[in-house]
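Below sits a lone chain in structure tokens, taken as the form predicted alone.
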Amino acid sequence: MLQTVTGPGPVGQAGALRESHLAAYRFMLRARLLDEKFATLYRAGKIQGGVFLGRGQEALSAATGVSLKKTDVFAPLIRDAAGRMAFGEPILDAVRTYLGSALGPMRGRDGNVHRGRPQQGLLPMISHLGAMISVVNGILFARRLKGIPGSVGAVCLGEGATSTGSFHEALNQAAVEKLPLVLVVANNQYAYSTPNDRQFACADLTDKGVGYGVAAHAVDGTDLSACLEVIGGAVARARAGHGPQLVVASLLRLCGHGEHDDASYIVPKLKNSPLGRDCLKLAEESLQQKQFADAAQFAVWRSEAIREIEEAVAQAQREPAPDPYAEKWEALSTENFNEGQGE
């Protein structure tokens, strides 16, 4: 197994290991609390459109975000609040987008999750999920042509996206060009309500990487330590020139596809299996066992996160929505809508 931390020796490695775990946990906690706030706002009729929670996938998402550098490219999905924040997205960006503030990164033009800051490497999500791979491929290839070294592109996917033509075409392209691409697949057992046995017949999704000559890694997506090690190792390999890396994480979505979905199709056997464990609770138990943190520290972090979220919601609720009659319907990349607006 590849090591994910480096340092001047055992003491430095231990310190780096502790810091990476604590940083990832705090992003997991903030993501969980932010999701819970969005769910409350949705039920209160304050959010138009859908709300999609990442409950159960925070360990995988946070590990992806903390494994990247700010100069990398990140294409997250609807359940990647933890990874987004770890990569640098402010809570206010998420809140403004969900509440339709004209000061948000998408200027209130999108009601839920298609937000990002491309100039900073954080890409807005295309709903046709497999399509994000080719977008990241293009950015990585452009940087190669420009002589910009050292960038890694990470794309988050669900297992359902691995059944799309865009996934196979883009994975093949990345393999042929040996791009520094990392695909992180959250196998949460259902593509919306379609179970795995109706999605693919291969024994394991890692086989799809092997078939294209891509290094593939499996990980327990409920285990924060395992996610940090495996994803960190995959990112390091991609950055070192070893070509695309496929990481398949096994876990269970601990909620419906969206807040509109009661997830009644998820069978009890899965809920009661190791896949149904809550990664946030497991992370807390692990951090206490490692003596990285204690219950008092967890309480402080929770209080700080709640305060930050409430302040962001209060601010966004005071901000104006876009006026369709006064709106300049230009692309956000034009001079009038540069990404520095609304900071």
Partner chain sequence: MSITYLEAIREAQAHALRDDPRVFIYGQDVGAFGGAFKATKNLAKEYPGRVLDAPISEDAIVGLAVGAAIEGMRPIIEMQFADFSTVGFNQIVNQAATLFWRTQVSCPITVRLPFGGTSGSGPFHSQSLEAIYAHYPGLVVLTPATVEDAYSMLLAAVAIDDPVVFCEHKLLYYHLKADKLPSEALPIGKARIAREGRDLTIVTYSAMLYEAIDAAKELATEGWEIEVVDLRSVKPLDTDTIVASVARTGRLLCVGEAWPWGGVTAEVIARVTAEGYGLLDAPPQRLNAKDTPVPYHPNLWAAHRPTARSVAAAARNLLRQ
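Note that the structure is predicted; figures quoted are calculated from it, not measured. Residue numbers count along the first chain shown, from 1.
Below: the form predicted together with the partner chain, not depicted.
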Inset, instruction - Select from the listed residues Cys255, Ile91, Val248, Leu123 the one whose heavy atoms reach within 4.5 Å of the partner chain in the predicted bound form. - result: Leu123
Inset, instruction - Could you tell me which of 230-238, 217-225, 185-193, 268-276 sits within 4.5 Å of the partner chain in the predicted bound form, going by non-hydrogen atoms? - result: 185-193
Inset, instruction - Considering only heavy atoms, tell me if Met106 and the partner chain come within 4.5 Å of each other in the predicted bound form. - result: yes
Inset, instruction - Could you confirm whether Gly243 comes within 4.5 Å of the partner chain in the predicted bound form, counting heavy atoms only? - result: no
Inset, instruction - Answer with yes or no whether Pro324 is in contact with the partner chain in the predicted bound form, where contact means some heavy atom within 4.5 Å. - result: yes
Legend entry - Distance check, Leu181 to the partner chain in the predicted bound form, heavy atom within 4.5 Å: no
Legend entry - the partner chain in the predicted bound form - contacting residues of 142-163, heavy atom within 4.5 Å: Ala142, Arg143, Leu145, Lys146, Ile148, Gly160, Ala161, Ser163
